[in-house]
Ligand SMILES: Cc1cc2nc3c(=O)[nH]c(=O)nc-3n(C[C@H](O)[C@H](O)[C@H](O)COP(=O)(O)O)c2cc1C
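Listed next as structure tokens is one chain, alone, in the form predicted alone.
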């Protein structure tokens, strides 16, 4: 059986999906392998097992939330069986910083028996503050990602087992307590159900999208993809975060890669 590159990603606003798949495809071209996507964004996808064969490769792509791996991914990661297989980590963040996310992801995969041969931190438009990193990833980002894929494929092909030194610290950055959050629904809502179908927690009512359950991640998928622009966050905390990001995080950051 031919080698498979498994592209595993959690991606509410689709940036992590796009870049994880591009990385996996770049690896597959160099390794003459196939690509198999595993989308952990929605509840049903997180129930699907990820089964890797001998010689397969794992790519794990995720958005950085508060400088960490999204907590929603942790139970899924604990179902993976590495058995020494190579893995590549790809953290996607909105031009502030990725803090301890790469280190945490590498630790989590190593704990499952993977050999983390490469890791990258790349930039995408910020989900809360779209005025930050607008248009990212751009052509330069994608060119750098393609080059990283080629170097990571070489590491896999050579069977390197020397782990890259990933930035971050132990203990990981402490997550701030999450304030309860719910997106507001404007009068322009047509009850099309788009937001309900995209919610990673499945907490938006498909019949009446103004009804939102507890546990919102503030991932902003419902805001970004509502065809009527009828979903929004109007709470003071969200506005304060957006204002701070727009004031403090405009200087362009570049992708970083570790092999």
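These figures come from a predicted structure and were not determined experimentally. Residue numbers count along the first chain shown, from 1.
Quick note: we don't show the form predicted in complex with this ligand, though the next part is all about it.
Colleague: Is there a heavy atom of residue 30 lying 4.5 Å or less from a heavy atom of this ligand in the predicted bound form?
Modeller: No, residue 30 is distant from the partner.
Colleague: Is there a non-hydrogen atom of residue 95 within 4.5 angstroms of a non-hydrogen atom of this ligand in the predicted bound form?
Modeller: Answer yes; at least one heavy atom of residue 95 falls within 4.5 Å of this ligand in the predicted bound form.
Colleague: Indicate whether residue 124 is a 4.5 Å heavy atom neighbour of this ligand in the predicted bound form.
Modeller: Contact check for residue 124: yes, within 4.5 Å of this ligand in the predicted bound form.
Colleague: Check whether residue 63 has any heavy atom within 4.5 Å of a heavy atom of this ligand in the predicted bound form, and answer yes or no.
Modeller: Yes, residue 63 is a contact residue.
Colleague: At 4.5 Å between heavy atoms, only one of the stretches 138-146, 96-104, 154-162, 77-85 reaches this ligand in the predicted bound form; which one is it?
Modeller: So the stretch in question is 96-104.
Colleague: Enumerate the residues of 192-220 that have a non-hydrogen atom within 4.5 Å of this ligand in the predicted bound form, in sequence order, or give none.
Modeller: 217, 218, 219, in sequence order.
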